[in-house]
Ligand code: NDP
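The chain that follows stands alone, in the form predicted alone, written as structure tokens.
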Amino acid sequence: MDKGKILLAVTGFHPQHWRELLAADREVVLEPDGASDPSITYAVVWKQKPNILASLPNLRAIFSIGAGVDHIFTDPGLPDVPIVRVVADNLTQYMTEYVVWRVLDHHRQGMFYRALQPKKMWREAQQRPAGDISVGIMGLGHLGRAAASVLLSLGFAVNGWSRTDRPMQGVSTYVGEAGLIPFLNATDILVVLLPLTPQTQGIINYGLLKELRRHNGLGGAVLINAGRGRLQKDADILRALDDGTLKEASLDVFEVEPLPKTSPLWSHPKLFVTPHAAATSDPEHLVPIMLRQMAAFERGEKLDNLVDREAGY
């Protein structure tokens, strides 16, 4: 079978390193040769230009550069071919590190001590054992389960919420609409790792945050969002921080990215901001996985980590 070409269709960053690594095995182009270029057999994409994939007659599959795939579904000309999402050990490791880092920082009163340091104040906060703190993970997919496993090993009580039943040993799991409020009521630190779909857009709003457990060993509820920015309502998070609904928050994603310099989120004393850096896609690790998948597909094998178009992830 003719390998054909890979269309590397990305916006928002320079794709040179991705192109070099992909080109070690296949010919790579950044633009089709006309709207109906028959030479392109695969597309590797991140926020591709609208309709760039619409008329490619020999396109076999689309590969997402990032863990999320919501950017692909914004394309009005998205063709009906398999879509593959990224699952890689290093991406999972990065996300687990981020989640555990932020959970531990909130648990060990990091913001409290950072506020004291410039004042040269020697003051100890009350510290609770990890077992007294309940971490609730929204989204028990591959990333959520990996983070849950490490948090369990550190002694935290872990809850999990997902759209469908995803049982996990040691985790108290809650399912669907009926399970959401009970999950929140039992959670001190909320970790959001959901995919972005029409059903989850804006789910992290003031009403949801009000349901978190505030009378706990931390002295209040905490939010950590490392999923997608449009899962949350930035203004609602600010409101919750200001009125005490939330004690603190760590946000890696935002409704508008990059976060505008005028945003009050930058300077809020109860908020820790990172620039969508929790789990950066590394081409050195991801390109070999993509190339192996393409070769296996051409041998008649099934693609791994296929996106469910109906579910949106």
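Residues carry their position along the shown sequence, with the first being 1. Since the structure is predicted, the reported quantities are computational estimates derived from the model, not experimental observations.
The discussion below concerns the form predicted in complex with the ligand, not included here.
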Verify the contact flag for Ala147: yes if a non-hydrogen atom of it lies within 4.5 Å of a non-hydrogen atom of the ligand in the predicted complex, no if not.
no
Proximity of His276 to the ligand in the predicted complex, heavy atoms at 4.5 Å
yes
Interface membership of Gly227, the ligand in the predicted complex, 4.5 Å heavy atom rule | yes
I'd like to check something about Val103: if you look in the predicted complex, is any of its heavy atoms closer than or equal to 4.5 Å to a heavy atom of the ligand? no
Exactly one of Leu59, Val28, Val287, Ala67 comes within 4.5 Å of the ligand in the predicted complex through a heavy atom, and that residue is Ala67
From Arg163, Arg128, Arg239, Lys210: within 4.5 Å of the ligand in the predicted complex by heavy atoms is Arg163
Note: the ligand not shown here; in the predicted complex, the stretch from 252-260, 51-59, 37-45, 265-273 having heavy atoms within 4.5 Å of it is 252-260
When the ligand is considered in the predicted complex, the residues of 137-153 having a heavy atom within 4.5 Å of it are Gly139, Leu140, Gly141, His142, Leu143, Gly144
